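In the block that follows, a single chain appears as C-alpha cells, in the form predicted on its own.
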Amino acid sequence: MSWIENILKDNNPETMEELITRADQVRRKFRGEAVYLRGLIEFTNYCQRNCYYCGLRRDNNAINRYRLSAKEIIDLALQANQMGFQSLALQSGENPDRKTVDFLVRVVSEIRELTTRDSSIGLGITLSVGELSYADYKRLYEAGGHRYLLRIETTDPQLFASIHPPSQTLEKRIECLKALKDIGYQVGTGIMVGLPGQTPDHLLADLQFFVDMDVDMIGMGPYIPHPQTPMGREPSASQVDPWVHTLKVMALTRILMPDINMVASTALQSLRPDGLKWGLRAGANVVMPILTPIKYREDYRLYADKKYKSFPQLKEEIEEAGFRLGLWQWGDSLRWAKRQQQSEDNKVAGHLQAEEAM
C-alpha cells in the first residue's frame, strides 16, 4: 500500500483534488447517487466509560444527564418512518448493564413490530451503544437491530491507550467487532483523524484494518477537542490535519472498499460549513439527520461546537452537491449483502453435497 502512504504524506492540493475526484467516481459507479438517511436518536448521555476525549465521559459533571423514555424514542421512530427515512440510528453513551440492555431490546422490538404491521419492511435499525457481551449483541440482533457501529478510533495500541483509561483495551474492541460480524450484523467501525500524536503511518494501518476486517460500514470524522475532557484541557499536536486527512482517509476507503456504506459525519460538518458537500464528494453515501429532541441536544456533545442542520437544509445541500435522497429504502451495505448471499450459496452447496453422499 505504498501508493496510499504517498498520498497520506503528500501535501499537494492537486493530489488531494485528484483523489477526491476518483473517490466520487467510484462511489457513483458502485453505490449510485443516492444518499441514505439514518435518523439519529441520541437516547441517553449517561455513560459508564471515561474516555479522555469524550464530552459524555463519566467524570464530566458539567453536563445535565438525560434519558429518553421508551415512548419518546418510539414516537421519534414513527415520525422518521412517516418522513420516509426508513432507517434509524439509536446511539448513546456506553451502559453495558442488564437494565439498559433489557430496555433497548424492548424498544427495538416495539419499533420493528409497529413499523411492519402493514407488511412493509419497516424501519431499519442501526445501533451504536458501545461494547457489550456476545449474548447481549445477539439479543439486540434478534430484537430487530441489524446494523451496528462500533468505532475503533485508532488501531495503534499505544495511541489507543493514550486516549482511553486502562480498563478499555484495543483487544476488547476488536473482540466486539468480531462478535458482531459472527452474529450477522452489518458491522461498522471508524476512526478519529487528527488525534494528538497521530501520524500518516497510523492512518495507513487503520485503512489496512478496515480491509482486513472486511467491514460493511465506515463512520469516521475529524478529532475536535472538548474543553471538559483531559485531552481538551491539555491540547497536543498531531502530524495529520483533521480536515484534510479525514477527507483523504474517506476517499481512500471508498476506493479500497467500493461497495461499503460510509457516513458524512456531523463532526465533518461541524468543522466547516461545507463539510457535507466535501464528505459526499470524498465517497460518503449516508447522512444522519439528528432527531434528538432540541431540549437535550446541548447535553449530547462528544466534542465542542457540534453543529445541527435541519432536514430541509440537509436535503438542499445534498441535492446542490449533485446527489439525491434515498427515501423509503434501507440502503444496506452491498458488501454485507454479497457476504450474506455467499453464505447462503455455501449452505446450499453443502446440502447438495450431503445429499449426493447419501
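What you see is a predicted model, and the numbers here were worked out from it, not measured in a lab. Counting begins at 1, following the sequence as shown.
Keep in mind that the form predicted together with S-adenosylmethionine is missing from the display, and what follows is about it.
Visitor: Considering non-hydrogen atoms and a 4.5 Å limit, does S-adenosylmethionine approach V105 in the predicted complex?
Guide: No, no contact at 4.5 Å.
Visitor: Is there a heavy atom of Y53 no more than 4.5 Å from a heavy atom of S-adenosylmethionine in the predicted complex?
Guide: Yes - in the predicted complex, heavy atoms of Y53 and S-adenosylmethionine come within 4.5 Å of each other.
Visitor: With the partner left out of view, is V263 within 4.5 angstroms of S-adenosylmethionine in the predicted complex by any non-hydrogen atom?
Guide: No - in the predicted complex, heavy atoms of V263 and S-adenosylmethionine never come within 4.5 Å of each other.
Visitor: Heavy atom to heavy atom, is Y185 within 4.5 Å of S-adenosylmethionine in the predicted complex?
Guide: No.
Visitor: Is every one of D206, M217 and L280 in contact with S-adenosylmethionine in the predicted complex, taking contact as a heavy atom within 4.5 Å?
Guide: No, none of D206, M217 and L280 comes within 4.5 Å of S-adenosylmethionine in the predicted complex.
Visitor: Mind telling me which stretch in 28 to 36, 287 to 295, 316 to 324, 53 to 61 gets its heavy atoms within 4.5 Å of S-adenosylmethionine in the predicted complex?
Guide: Of the stretches listed, the one contacting the partner is 53 to 61.
Visitor: Please identify the residue among Q228, S238, S270, S128 with any heavy atom within 4.5 Å of S-adenosylmethionine in the predicted complex.
Guide: Going through each option in turn, the one that passes is S128.
Visitor: Just one of T115, Q86, Q91, T253 has a heavy atom within 4.5 angstroms of S-adenosylmethionine in the predicted complex, so which one?
Guide: When S-adenosylmethionine is considered in the predicted complex, the option within 4.5 Å is Q91.
Visitor: Which residues within 179 to 205 place at least one heavy atom within 4.5 Å of S-adenosylmethionine in the predicted complex?
Guide: The stretch touches the partner through M192 alone.
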